[in-house]
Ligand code: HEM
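Here you get one chain, nothing else, as structure tokens; it is the form predicted on its own.
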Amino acid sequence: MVTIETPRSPRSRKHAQWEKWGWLYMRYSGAVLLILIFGHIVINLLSGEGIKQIDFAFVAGKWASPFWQVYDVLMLWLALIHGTNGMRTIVNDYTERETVRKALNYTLWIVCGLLIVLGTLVCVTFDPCIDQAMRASLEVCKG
């Protein structure tokens, strides 16, 4: 009887559990991302004047609401983790040496973490009213 070995199969039960959770995350986050992205497109591009309406004042007005901050941060987190997990899967499939695979995976997750922190800081700490010229011209700053 000939036995064909599965290439790069999980080495431990713990690793198999990680792969299962990664697989489930990809499915659920993909479904939620579809809803968030299509909502983002409809609200930002199809309503009102379309792409002509998107400028600094539009973003400032939108991010004045905590709802839109949470919406955009949720979309950012889901998209970055979803994309990084997909890249991790590709790295695991195509790298042959264990040290290269680990180095690439660590690099992916470090970059993902940095982008999440920076993107979240931008969304949460955004203040359009810092500049005096903007304060006079933006409706958000007058209140």
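Position 1 is the first residue in the sequence shown; the rest follow in order. The structure presented is a predicted model; accordingly, all values stated were derived computationally and were not measured.
This protein has a second form, the form predicted in complex with the ligand, left out of what is shown; the following refers to that one.
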(message) Between Lys62, His82, His40, Arg101, only one gets a heavy atom within 4.5 angstroms of the ligand in the predicted complex; which residue is that?
(response) His82
(request) Heavy atom within 4.5 Å of the ligand in the predicted complex: which of Ile116, Met87, Leu74, Ile54 fits that? Just give me the one. (result) Met87
(request) Evaluate Leu34 for contact with the ligand in the predicted complex, applying a 4.5 angstroms cut-off between non-hydrogen atoms, and reply yes or no. (result) yes
(message) So in the predicted complex, is the ligand close enough to Arg97 to count as touching (4.5 Å, heavy atoms)?
(response) no
(message) With a cut-off of 4.5 Å between heavy atoms, is Gly30 one of the residues that contacts the ligand in the predicted complex?
(response) yes
(message) Quick check on Met26: any heavy atom within 4.5 Å of the ligand in the predicted complex?
(response) yes
(request) Specify the contacting stretch among 108-116, 63-71, 88-96, 46-54, defined as having any heavy atom within 4.5 Å of the ligand in the predicted complex. (result) 88-96
